Each structure stands twice: as C-alpha cells, then as structure tokens.
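The data below hold one chain only, encoded as structure tokens and taken in the form predicted alone.
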C-alpha cells in the first residue's frame, strides 16, 4: 500500500529507517542539535564561580561554567593544543582555571589561555585567539540554553516562539516564575529509543487510556485520546474529585503565586524543539531535557520544580513526583518496546497516524526539512 492508498483518516509516519539509521542520526546531529538552541543545564546548579557541567550536544562535548563575574559561559570541551578533552567528569568545580591533563595548557573561566609549558617563549601566540572555543549561551526559565552554530537562529523566534505557539503568549508561562523555582527532585532516565519516538509520544495522548491509568484519573479528558498540546492555549482540566496533581489525586501545595485563576486546576504541556518538554501545573513545574546520544539511545533529565519554601522546608514532594515519574516510566517503556520494531520490514515504509495524532505529521515534516536542507 502506498501513501496515496491510505484512507483519509490516516497520515503516514516517517519510515523506520529514520529511527535506526546511523547516517540519519548523523544528519540530525549536524543539522538539528548542533544548529539550534539546546537546553543544557539548570543555571542554579552552577551557583558559584568555577562550578561547571559537561553536556553532550550533537557530536560535541560542551562545558558550561560560572565565571568569576557571576555570568554563565559555554565552551567546547577541547584543548586548543592537541585536542584532548579538558574535563572528563560530568560536573565539578575548579578554583580559578581549567587545565588540560595532557600538556597542561591552562584556561581561565573566561576561556582565555593563561598558561602553558614554555608559553613565555612564544610571544606570538595570542592568548585569546588560542583560548577555549566559545559557544553561544542564553538564560531563560532558569536554564542555560546553548547553540553551537556560528550564527545562531533567533532565540525569540525558535525558543520563545514555541511557547507562544502553544500557549498563545509569553505571559502565560511567565506566571509560573520558573527562574525562581528550585529543584525538588531530579531523575535521569537512560532510554533505549530514538529521540523522535520520545517526542512523538509526548505530543499525543492516544495511548493515555492504555498505559497511563494514574494520569487519566487526574486528567479525565486524556482518556479520550486528545493531548493537551492539541489546541493553542488549552490546558487539561483536573477531574472534579481531584485535589492536586499527585499520584492519588490528593492535595498538593499552594498554588504558585503568579498563576492566574484560569490556569488553576489545569495541566499545560509544551514541546520546545528539539529537546525540551515543559509541564505546567498550579503548584509545580516538570521540566524534561533530552540528550540524544545515539540513534537508539536518549538520556532524559527530568526536574520537578517547586517554590523555594517547599524545597527548603523539606515538605514531602513524593506524591507529586510519583505521578509523573510513573508517566515517564510508562512512556519510556513504550518507546523502548517500539524501537526494535523500527528495523522490521513491516515498518520499512513507516506506520500511520490517526486523527488525534495528525499534528505529529508537522513534527515529521519539520525533521525531514531540517535534515534535507
């Protein structure tokens, strides 16, 4: 059957090769992850000068560090001498500088080359020019977003614009004050599936009644298969007997101070391509960062964000964490179950999308355009 033979109710997906082929993933690395704004770290995780995190973005290892001036900076994690990785640990702290463990070339927190064996005998070496290669960085919603492109795309159009496209305006997300919230719990998931399967799963709720019993108890409309992202500005309403966004529907915490009355008792889901999911509920925010590492492996870091008062007072966040932790595990298990079938001859030309999933085709068209451009 060709795509022209499909019933009007069905739309074709991407072919299976797009989820298994190393060359396709290589194009996604070079033309998507290395060209777009990519959410790297929670800014508050680097509170003092010298604190750093190492993240993998596309094919590049990137260091994000707090400078002595208090600002965040990002650099490629590569020594300019012979190309050794400067930092191999995922996070840490340096006092004043990074030193390459191979030949001891040393860089200050602004990336400038400040020392190397026999450097004084090479006065023609420009210490800024041979400093660490900088990476563009913007802070928003309490996270550091980086872009490897020489000329990054508009942050306002690509990142903020995705929020406007989903919610209708920026004010709607500003009311949650994400930059003032604190991490109450963080869970990292190592998912044996292609990143696109995870995005597609998050974008639809046709599966919700089947695999998310706890979520559909809290958000009954999800049982009908229509995701919260289906309509601009729509938030899924809590069930009548539900008191909070918790695993058993019991009461959560006080509403975040800025959340409007029409946002209360509602759940909003957003996708910021290529690698961020944001979940807004009245008393906390759930923020996913994806790190695609291979055509069949994606690391997802999930932060549960609460007010400073909730975190510092040691209040029990387990019931609100457990709800979406179960959702994550259920979703990722489904993606891992799907990944092996992507190489089957039965999926060589792809599958189909039903009407409540038709909006996913726009994501497929976007990916195809990016990697073919």
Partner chain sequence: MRVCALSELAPGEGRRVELDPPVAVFHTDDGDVYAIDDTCTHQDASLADGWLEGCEVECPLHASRFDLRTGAVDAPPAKKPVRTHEVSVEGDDVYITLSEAAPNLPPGVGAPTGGSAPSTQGLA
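Numbering follows the first chain given and starts at 1. Here the structure is a predicted model, which is why all the values come from computation and not from measurement.
The following text describes the form predicted together with its partner chain, which does not appear among the structures shown.
Scanning 125, 211, 293, 97 against its partner chain in the predicted bound form with a 4.5 Å heavy atom cut-off leaves one residue, 97.
Of the listed positions (114, 149, 183, 187), a single one reaches within 4.5 angstroms of its partner chain by any non-hydrogen atom in the predicted bound form, namely 114. In the predicted bound form, residue 129 stays away from its partner chain, with no heavy atom inside 4.5 Å.
Under a 4.5 angstroms non-hydrogen atom cutoff, its partner chain in the predicted bound form has residue 120 among its neighbouring residues. Proximity of residue 170 to its partner chain in the predicted bound form: non-hydrogen atoms within 4.5 Å are absent; the residue sits far from the partner. Interface membership of residue 104, defined by any non-hydrogen atom within 4.5 Å of its partner chain in the predicted bound form, is confirmed. Only one of 151 to 159, 246 to 254, 131 to 139, 89 to 97 places residue heavy atoms within 4.5 angstroms of its partner chain in the predicted bound form, namely 89 to 97. In the predicted bound form, no residue of 40 to 64 lies within 4.5 Å of its partner chain by any heavy atom.
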